[in-house]
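Next up: just one chain, as structure tokens, the form predicted on its own.
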């Protein structure tokens, strides 16, 4: 079944405009439309696996018209966005009962999904920026949705730094347009081939790196994230950490670096850029995890771990870029990129689950401070089980999905000749494990405080969403063990990154 690419943008966009018409009196209808939309996008993303496509909007040929591109990398991100969005929307059915303005929440949620799908599919730089802004503006509003002092302050801080990031990205787009006369990624990529490391190229690349690193909350661009994630409703925290920072930050960064600028031994910026990515990855891993250990607010602890885990992804991508830039074996480069991309989708699942479990705990107890909790293992058995699974996954304990992607990154670092990077990766995993043992000890073990004696498990849609993601944490390791799944889901994304500027030729050829 061939799904037209505009449907991934048009369907959630149309639903987002329809939902405010229903208001508060027909909450069930609003929830049914929103959940039906996300279920449909989930199915569409599955049907789109394993195919390449270029859609010419308005039948205008590139580079004169807008085009949407589906390749291995974009289909992987589409699937990831749809999985996390579907689980978060199902969780919202019960979780959002304590909030007013449900139709506005659902509309903003779908606008954020629209923007992320647009970023993933966009074939030109300016429309990538437009969709990025749609997702960003919706997320600013959703962070402050509770309208309390903490939420509004976090939303304002996020909006200011997010706007700075958008300004950097727009400057980068303008510089490339001035140099090449094109906005289409394929034509920009062809124009940049053979370009030397001159000032305009360096400036444009620096603008993209700063902007996308801010969107991804990599150290030292992370200041907005520790406030924004705890302030948002739990399903939105799951979306921010699970998919938003990946699509607006990591995906866009990888797309621009590998498929527009290109990484190869012939490009004189490649080695410098590779070491910069590795440095950003290591800094994010180490600083993020050590800041997380000292946190007592459960959601703030998870927010710092988002910074740390994004470091793993960038480290894997950076090692792959370095191997390519040095003219090394494509086998080792592919292993490193596979580890980075696999950890990206693994993190989307287990971190979203952790934020949903934090929402379940907060809904049941009225608190997310670990010092105020205790003995919840008997009171919230499902929440405890799913939280334990997600904690084991993020710490890299086998056989959960996080173990396999971290193992790939460690092996790639060793075989690339950088044992110290492998050692740092293992150390950060150990500190991550310590951090989540602390969560288990203070939230679920020990004696139950008197004020929590009447606590009961959250059933219904919240339990279904957590159970769904917990099952994925267990089953996603099979992506490496079952060749057909790996070939269909992971290998096309790795090849898109690994082949770099071949993206330009494929896009132009498929558009004719």
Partner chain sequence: MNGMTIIVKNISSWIKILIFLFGIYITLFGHLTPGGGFAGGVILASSYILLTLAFGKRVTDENLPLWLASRLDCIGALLFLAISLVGFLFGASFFFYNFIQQKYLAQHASDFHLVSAGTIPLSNFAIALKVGASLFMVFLVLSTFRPGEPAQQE
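Everything numeric here is computed off the predicted structure, so don't read it as measured data. Residue numbers count along the first chain shown, from 1.
What comes next is about the form predicted in complex with the partner chain, which is not displayed.
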Exercise. In the predicted complex, does each residue in the set 10, 14 and 104 place a non-hydrogen atom within 4.5 angstroms of the partner chain?
Worked result: yes
Seminar exercise, completed: Answer key: of 451, 456, 59, 28, within 4.5 Å of the partner chain in the predicted complex (heavy atoms) is 59
Exercise. What is the one choice in 468, 55, 44, 444 with a heavy atom within 4.5 Å of the partner chain in the predicted complex?
Worked result: 55
Exercise. Contact between residue 6 and the partner chain in the predicted complex at 4.5 Å, heavy atoms?
Worked result: yes
Problem set entry | Residues within stretch 136-170 having a non-hydrogen atom within 4.5 Å of the partner chain in the predicted complex | none
